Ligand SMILES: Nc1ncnc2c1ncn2[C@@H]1O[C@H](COP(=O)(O)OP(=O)(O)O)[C@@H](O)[C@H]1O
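The chain that follows stands alone, in the form predicted alone, written as structure tokens.
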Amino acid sequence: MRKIAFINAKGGVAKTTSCVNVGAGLALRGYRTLLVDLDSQGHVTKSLGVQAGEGLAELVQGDASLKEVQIEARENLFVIAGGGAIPGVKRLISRRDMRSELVLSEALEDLRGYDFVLLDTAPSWDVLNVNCLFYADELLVPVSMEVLALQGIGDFLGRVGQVQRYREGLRIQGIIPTFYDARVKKSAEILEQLKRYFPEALWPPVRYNARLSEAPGFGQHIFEYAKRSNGAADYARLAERLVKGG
């Protein structure tokens, strides 16, 4: 079972979009895939048109079992919801005296039956995201084609490096350029800089595509909403690359 986090401290870089659509791409290929939402906005369930009930917060706080919080969203695609109760999880973690970085790992330790577990994280560096780094084995880092996003990636990866000193086996599987527009000079320049900085880790870009932002409003992933769009083609390619090991 591969445990992969979509993570970046900056918001607006398409973490949820990438998590949901890569997950959908894996599910369509027959891989049992679980999406775990670590964000208080609860956008994973909203993106798939799923009614969220008990979720991650209730699981961690002991108010629901692991079986109860797994929601079947599509064939081969399951969700553990985030939502407004997530801040309570962060407070619980902060109050813990020992092994506070392992609260998420302990909550999910009996998870079985999936090929992939994909975690959608909040745009922050907080105790829950640190927990995520101690649970996941692989990181996918979406980076939008903006100067501020490029400047912030170095600081973020530096923090990840500090965690890697204590979390053996945690690796950055890929950097995913998002909102790429070949017609815009800035996009091409930032992509070239990413190629120089991360020659081994850079994955193919996700092109700017309005269909990707429209699909969640209809409670659909991109393969349902616009299967012939550039967005569908790009996320299908990323899912295939993930299956092949990155």
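Keep in mind the model is a prediction, meaning the values are calculated, not measured. Numbering starts at 1 and runs along the sequence shown.
One more form of this protein exists, namely the form predicted together with the named molecule; it is left out here, but the text below deals with it.
Between the named molecule and the residues Gln193, Ser213, Ser65, Gln61, the one pair within 4.5 Å by heavy atoms in the predicted complex involves Ser213. Not displayed here, the named molecule is approached by Tyr208 to within 4.5 Å at the level of heavy atoms in the predicted complex.
Residue contact check for Ala14: one or more of its heavy atoms lie within 4.5 Å of the named molecule in the predicted complex. Of the stretches 66-74, 183-191, 199-207, 52-60, only 199-207 has residues with a heavy atom within 4.5 Å of the named molecule in the predicted complex. In the predicted complex, just one residue of 172-202 lies within 4.5 Å of the named molecule by at least one heavy atom: Phe179.
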